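Only one chain comes next, encoded as structure tokens, the form predicted on its own.
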């Protein structure tokens, strides 16, 4: 290896997870499930390699890419990190995310600094060297037992080929006894045939073989468990034992996946191949999954929650919100049915608020940006406030709840948010405005108030009762805040700002005292929620519905 490399520490085992046949198979869930089976005893560090040239997904439209997941250190990363944190019980770092944009940026910096000493800079070895160096450095810095590396995209894609080549070189450099390749593929059952088909898997694995990667485990995504003869056939064509072909069963809840993999014998294969001992610890996990599954069939009580936003065309835009509802419902023994409400349709009078809210037990207005659909959100917030429907506003949802209250309760005509001025909409009274220092920023990427910040909670408030703590830490992603000039005026008639930033005059939680459950927060509580530790504000929302019904 190049002398500039971090040397392999001799301890860390590398697991590479690739995907084939089609995109969207769930490599992130598969990787997280593998990690969940190992994390009970080992330190597992997940790494995501994305082929796009963006530095990070922070400026991507959620409808194109899914939600932007925010880490405690402020990193804006792929939504798969939500699965990693929820399954592995880790606090991920932005350095665990690698994009081709970051790789090429580093190449350019090194070339300008003269690090290549006049040599021609090429894709191989220089690009692959940067990727491998990143892997080895993380293994060393994190003192990882396992580096779990998910390579985004589908094998054969142009944009991920350098990650695949880097993986091949890692196998060559540190030995196959320290590495393992897992390939997630698709086993379809065509309509009218009613037979599992292995040919797509064979072709996908052949593509991987041509790139010098020989998977030791194949996970076949299918709507039913793989038949023994299909496992035998895949094993024969792909050069591995049939026992190493694992069913990637379609499941209602992603939290079933580690249980399925455990049942299929995956932990034993990992232990034998990598010489690691990590028996799965899935006791409480399995109990909560059983509760979710039971409530799908015979629920104790069903609650309909409306998620109201403008990115409803792709449900992954609010993936963590959905998962937070699942976590809370498992602990409260409830079934949650989600209704997607496009607030732009309410704004344009295509749908009335009354129609959209018919049969709804609770409402969530999640984060978002821009002016499109916000008047629909404000009208909807007014409705749930007046009709005493349990409500949770998140980020932009809190800001618009403040605007609604200022207009319709405090009588502040022209109250609005400065955010809409970028679209040419004048705001007479900016009750929501820029955070200090955000007004004249030219760059959009990684310039918001991001990551984990402490929040001080007012004694005697509902928020204090929910969290049972005076100081909490939550994750943020915003450029605007409740305007401090108007706080005293707004904070009347039952509205209380019950959470504030530690050491800063930034409102972080608001609540209404004369409402069954009207809570809103500037942070994103869904980003810290997990199956074992659900977000308190989501628990509070569903508990209020349970009591109300």
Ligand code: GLN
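Everything numeric here is computed off the predicted structure, so don't read it as measured data. Numbering follows the first chain given and starts at 1.
From this point on, the text means the form predicted together with glutamine, which you will not see here.
Exercise for the section: Decide whether residue 497 counts as a contact residue for glutamine in the predicted complex under a heavy atom distance cut-off of 4.5 Å. Expected result: Although glutamine is absent here, residue 497 would stay clear of it in the predicted complex, with no heavy atoms inside 4.5 Å.
Exercise for the section: Mark residue 396 yes when one of its heavy atoms lies within 4.5 Å of a heavy atom of glutamine in the predicted complex, and no otherwise. Expected result: Because a heavy atom of residue 396 falls inside 4.5 Å of glutamine in the predicted complex, the answer is yes.
Handout entry: glutamine contact at residue 150 in the predicted complex, heavy atom, 4.5 Å
Key = No, residue 150 sits far enough from glutamine in the predicted complex that none of its heavy atoms falls within 4.5 Å.
Practice task
With heavy atoms only and a cut-off of 4.5 Å, decide whether residue 102 touches glutamine in the predicted complex.
Solution key: Because no heavy atom of residue 102 falls inside 4.5 Å of glutamine in the predicted complex, the answer is no.
Problem - Contacting member of 369, 135, 285, 186, with respect to glutamine in the predicted complex [4.5 Å, heavy atom] - result: It is 369.
Problem - 335, 221, 453, 477 - the one with a heavy atom within 4.5 Å of glutamine in the predicted complex - result: Checked against the cut-off, the match is 477.
Exercise for the section: Just one of 337-345, 286-294, 242-250, 361-369 has residues with a heavy atom within 4.5 Å of glutamine in the predicted complex, so point it out. Expected result: Result of the contact check: 361-369.
Exercise for the section: Within 4.5 Å of glutamine in the predicted complex, which residues of 516-531 have a heavy atom? Give them in sequence order, or say none. Expected result: Just 524.
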